[in-house]
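Before any questions on binding or motion, here is one chain by itself as structure tokens, the form predicted alone.
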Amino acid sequence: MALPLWKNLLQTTKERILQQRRLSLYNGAHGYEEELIKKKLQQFAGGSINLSKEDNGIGILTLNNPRLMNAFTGTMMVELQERITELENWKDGKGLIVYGAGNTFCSGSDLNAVKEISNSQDGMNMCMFMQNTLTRLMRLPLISVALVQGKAFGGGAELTTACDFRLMTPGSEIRFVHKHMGLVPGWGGAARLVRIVGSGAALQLLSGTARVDPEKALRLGFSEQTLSSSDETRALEEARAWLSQYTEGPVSVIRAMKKVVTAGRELPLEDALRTEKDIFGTVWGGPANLQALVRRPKHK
């Protein structure tokens, strides 16, 4: 009797959490017409967003437009959304590394596309589309890390804030250059940055367009570690090893951990507590819990 009840609770909770995760920030009431926006963005082609999923549950999301320092074209924005949807449906996923091809992270938006959508409404549409996509990235039940090599400028800097953690290689830098473009962040980077480093440091980084090197990022609590190598292959291996310490263990438990943290960050306390209770119910008495009880692990 208990097992069918547990399975029913698990399925109901999974469905509700998935629905919340995919809930769009914007809809028609905000003038947001996603299919029309995607059609507009797809006029500006170039580059790609590639995703590989490894047997250990770690995904590798690669920004691939090295000719333009991995700047986002319109088609890359649409592809990023598609890859996020794929990750939402990846039931075996536990972790995600986001990085750029060619030893650089991302220089923001492709200026050729930006010039073509320079009117206010097109800009707002792109803003809403990317905010939706990066919010879904942030809410994935995967532990994510941005591997910052070379430069992460503008929208690239914003992308790093949508990951749970940031690792930097020697000589890399993160810089919010929006002021130099007569702009403020529009992909949600300012709101997320405040939550990572605090309002004072965020204001300094945004208004001063300050260069954040690995040492400064560590001091601000913006990055977790400076890797030993700037070589793309070696840095990726280091990032895998760093992430694996947090993704080791049963898929159900790792994903549940990420979900309760997301709830605690985003929901009012009472709602976060109820969500934590529901997620707890999906793992209590589950396979990982029962196996642990049989092993009777001793905590050191």
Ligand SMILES: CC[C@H](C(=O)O)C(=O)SCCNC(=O)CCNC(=O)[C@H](O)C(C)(C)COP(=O)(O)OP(=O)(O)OC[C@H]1O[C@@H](n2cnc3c(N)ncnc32)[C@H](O)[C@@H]1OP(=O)(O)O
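Quick caveat: nothing in here was measured; it's all calculated off a predicted structure. Note that residue numbering begins at 1 and tracks the sequence as displayed.
What comes next is about the form predicted in complex with this ligand, which does not appear here.
With this ligand left out of view, the stretch that reaches within 4.5 Å of it through heavy atoms in the predicted bound form is, among 195 to 203, 217 to 225, 134 to 142, 153 to 161, 153 to 161. When contacts are judged by a 4.5 Å heavy atom cut-off, residue 68 counts as touching this ligand in the predicted bound form.
Residue 230 falls outside the set of residues with a heavy atom inside 4.5 Å of this ligand in the predicted bound form. The closest non-hydrogen atom of residue 105 lies beyond 4.5 Å of this ligand in the predicted bound form. This ligand is not shown here, but in the predicted bound form it comes within 4.5 Å of a heavy atom of residue 183. The single contact residue among 128, 177, 190, 78, judged by any heavy atom lying within 4.5 Å of this ligand in the predicted bound form, is 177.
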